[in-house]
Ligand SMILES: Cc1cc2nc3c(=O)[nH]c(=O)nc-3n(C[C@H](O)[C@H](O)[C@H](O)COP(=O)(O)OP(=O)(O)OC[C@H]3O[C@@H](n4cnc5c(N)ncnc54)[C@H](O)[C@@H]3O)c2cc1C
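One chain is shown next in structure tokens, namely the form predicted on its own.
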Amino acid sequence: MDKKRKHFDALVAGSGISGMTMALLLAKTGKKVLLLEKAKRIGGLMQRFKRCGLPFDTGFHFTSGFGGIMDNLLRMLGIGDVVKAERFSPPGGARLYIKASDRLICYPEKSSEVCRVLCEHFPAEKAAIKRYFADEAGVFANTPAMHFKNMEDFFDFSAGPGSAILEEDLITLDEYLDRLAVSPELRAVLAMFAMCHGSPPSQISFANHCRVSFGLHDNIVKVKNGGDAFIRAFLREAEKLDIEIRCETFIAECLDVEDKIAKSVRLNTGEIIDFEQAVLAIHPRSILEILPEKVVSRTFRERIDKAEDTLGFFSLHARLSPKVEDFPVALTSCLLSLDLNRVMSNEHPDTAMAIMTAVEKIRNEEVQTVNAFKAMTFEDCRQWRGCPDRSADPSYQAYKKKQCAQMTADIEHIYPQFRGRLEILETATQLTFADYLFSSGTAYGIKQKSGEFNIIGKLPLRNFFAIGQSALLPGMLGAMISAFIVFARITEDRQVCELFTPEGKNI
């Protein structure tokens, strides 16, 4: 046998949260799995980095689902003991700052309590607020994928006709808010979690917005050790299950294609890999680069070509020096403009920003950190795309300095106790994200648009499948759910379900 040729049962390309999830699921059924990652490290947007010994998150900052489906997914993956939720302090810890009215709203835990607080802030619009939260809860309750408790649920879902289309899937968030007839400020408040899925209110369906916003209204939390917790947990399980991981490695070419099945691929290293199934947890345009032209229909190509990337972030990472006494561990969302459509399409000088404040330990010393990120698109820094050395480009550095100064001023306005104490350790544009993560640099992949369906499941090569945050539902939780659903579709033996129960043993 050719020493440069290896055989695996399954090949997973892309090691973000969906790729890691799929690799574990397949390996737990006894399959020999190869996980490929184009970057130098696995994890994608789950990665953290360190400056002056302090950890900062790149793309993952907070989530929902703990106490519900997230607990169930982590249990089935066998990593619930490592990935633990951390509440903000004070409880709830989510705050919303609205620049137009200089208003700060502190959100409690539980959707019903958030509804109550908003009614207090907007007393003339109580009826509309209550209607919104009732409709949001209704969408969440009627979305089966948000309530699966065990692997059998995913098999039942995949064997059936698919998720029922709700009436709320057929209208955009904008159209819903038009019907609700709320003030511009309340409209922005109800739509603010569009910043957490990256699709503007004019494009996202009301239902898909609710599938994200309900959980964040109800139980928004951090994760102890951030995205690194998921990566560490995956690496532990990968070692147990003998998953082979290759970084700086990707599929260069499909080989031995017959009857729309590829039996092998050539990697960029020159090695040839034989396999039974391949799962692609990568950007849809990267999928198009892998598939042989002869199997790609014009319709499929057009479907991917018209897909739009979501927004990205300009991020600022800092510590407070000296420390302050009244330091919250919180998430503050900042609406610097009320027009989220313009903000998310780069048509407004103001934008939206989120500020995460945390306490990290370094050499037994507690350090107060600030991790802030504001919406941006590639249009903001298009002129430097492809620049061989942006660190030496005065115009690029001036741009970063200006953005940093604006963000610092906004942070100090919201947190006056931080004034003069922010020590900036790092800033990053969307181009930095693209370089660091070997990705498109977007925050959420492809936009979720009302009336359009992104790529998930079987691809033009019949033993190739697509998963990821651009597939079914946006965000980290959506990416994980897509992996479970596609796993159920490609796994023929329902008996594997017993491997994912508390009593089940891995093969």
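When you see a residue number, it is the position in the sequence shown, counting from 1. Note that the structure is a prediction, hence the values are computed from the model and not measured.
There is another form of the same protein, the form predicted together with the ligand; it is not shown, and what comes next is about it.
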Checklist entry - Within 4.5 Å of the ligand in the predicted complex, do we find a heavy atom from each of Leu36, Gly59 and Phe373? => result yes
Checklist entry - Of the options Ala194, Ile282, Met344, Leu335, which one has a non-hydrogen atom that comes within 4.5 Å of the ligand in the predicted complex? => result Ile282
Item to check | Interface residue in the predicted complex among Ala10, Ala13, Val496, Ile485, criterion: non-hydrogen atom within 4.5 angstroms of the ligand | outcome: Ala13
Next on the checklist: If we define contact as a non-hydrogen atom of the residue within 4.5 angstroms of the partner, is Asn72 a contact of the ligand in the predicted complex?
Outcome noted: no
Next on the checklist: Can you tell me whether Phe438 touches the ligand? I mean in the predicted complex, with a 4.5 angstroms heavy atom cut-off.
Outcome noted: yes
Checklist entry - Would Thr249 count as a contact of the ligand in the predicted complex, using a 4.5 angstroms cut-off between non-hydrogen atoms? => result yes
Item to check | Contact test in the predicted complex: Phe465 vs the ligand, heavy atoms, 4.5 Å | outcome: no
Checklist entry - Looking at 470 to 478, 48 to 56, 452 to 460, 24 to 32, which one sits within 4.5 Å of the ligand in the predicted complex if you count heavy atoms only? => result 470 to 478
Item to check | Any residue of 15 to 32 that, in the predicted complex, places a heavy atom within 4.5 Å of the ligand | outcome: Ser15, Gly16, Ile17, Ser18, Gly19
